[in-house]
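There is one chain below, alone, in C-alpha cells, taken in the form predicted alone.
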Amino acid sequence: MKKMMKKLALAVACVTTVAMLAACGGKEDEAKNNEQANVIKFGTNAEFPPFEFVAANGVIDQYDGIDMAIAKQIGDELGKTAQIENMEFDSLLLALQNGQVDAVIAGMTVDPERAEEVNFSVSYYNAKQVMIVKEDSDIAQASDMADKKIVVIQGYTGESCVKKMGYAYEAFKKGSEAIMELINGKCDVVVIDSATAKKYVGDNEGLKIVADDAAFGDEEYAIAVNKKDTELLEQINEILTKMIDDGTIQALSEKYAD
C-alpha cells in the first residue's frame, strides 16, 4: 500500500511539474509574441549612402541615412520599434518572401521583374544611373564604355542597365569596393545611382560624375512588402504620402545629401 501511495504521489508530482512547465512556456511564448507584435523589421543593404550606411550613431542602432530615417518614422507612426536586418542586396527580396523581414527599404528601384515577386509602396525618391570616372577620363557618354573596364554593384539597377547595353562588366557586393577599384586604377568606370555617386565623389578626390540621360532613364525608389501583407502596404503608403506631402522626405534628402 505504501509503495502504491508513493507511486501515486510521484505521478501527481510529475503531472504538476509538467503543467507548471507548460504554463511557464506558454507565458514565455506569449511574451515573445507580444514583443514581435511591437516590432517592424526592415531589410536593407547598408552599403548605399546617403540612403543606408553604418555610422557611430545611427537613427536606428548603428544604421543611418535617408531610408533609415524613413523606416524609423514608419515604426513610430505604427507604434512599433523599427529594427534593421542588414544583408546582401541580392538576398533582400528572398528574406521578405520568407518572412525574415516585414518590409525592404534599400534604395530599391521599382521594376516589372521585382514587382512580380513583391508589392511596392508609393515611390518616395526619383533617381538615375550615372557613371563615376576619374577626372581625366575620356568617357563622356554611355557608349564610351564599350571598350572600358566597367564595374557595377551586384543586384543594383546599374548592373541591369549595363547588361542590357551588352557590355562586359565586373560586379562587386559593396559600393565602397567598387569605388576603391576605380581609385586604384583597376577599372575605368563605376555605374551606380546618382545620389550615391554624388556621395562617393564628394568623399573621394579625383573622381567625377558623367551623366547620360539618353542612355539611363528615370527610376523610382519604393519600399517592398510581401504580396500577402496588404494591410502593412496600405499603412506604409499612408505614412509615406504624408511624409512626402509635408516635406519630411525632401528635408531628409537635403540633410543627408550634404
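Residues carry their position along the shown sequence, with the first being 1. Nothing here was measured: the structure is a model prediction, and the numbers come from that model.
Same protein, other form: the form predicted together with glutamine (GLN), not shown, and the subject of what follows.
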### Task
Determine which one of 95 to 103, 149 to 157, 162 to 170, 179 to 187 lies within 4.5 Å of glutamine (GLN) in the model of the complex, judging by heavy atom distances; exactly one does.
149 to 157
### Query
Do residue 174 and glutamine (GLN) come within 4.5 Å of each other in the model of the complex, heavy atoms counted?
no
### Query
Does any heavy atom of residue 42 come within 4.5 Å of a heavy atom of glutamine (GLN) in the model of the complex?
no
### Task
Would you please decide whether residue 114 lies within 4.5 angstroms of glutamine (GLN) in the model of the complex, comparing each non-hydrogen atom pair?
yes
### Task
Considering only heavy atoms, tell me if residue 109 and glutamine (GLN) come within 4.5 Å of each other in the model of the complex.
yes
### Listed residue (63, 216, 221, 200) with a non-hydrogen atom within 4.5 angstroms of glutamine (GLN) in the model of the complex
221
## Note on the structure
Looking in the model of the complex, the residues of 189 to 205 with a heavy atom no more than 4.5 Å from glutamine (GLN), listed in order, are 193
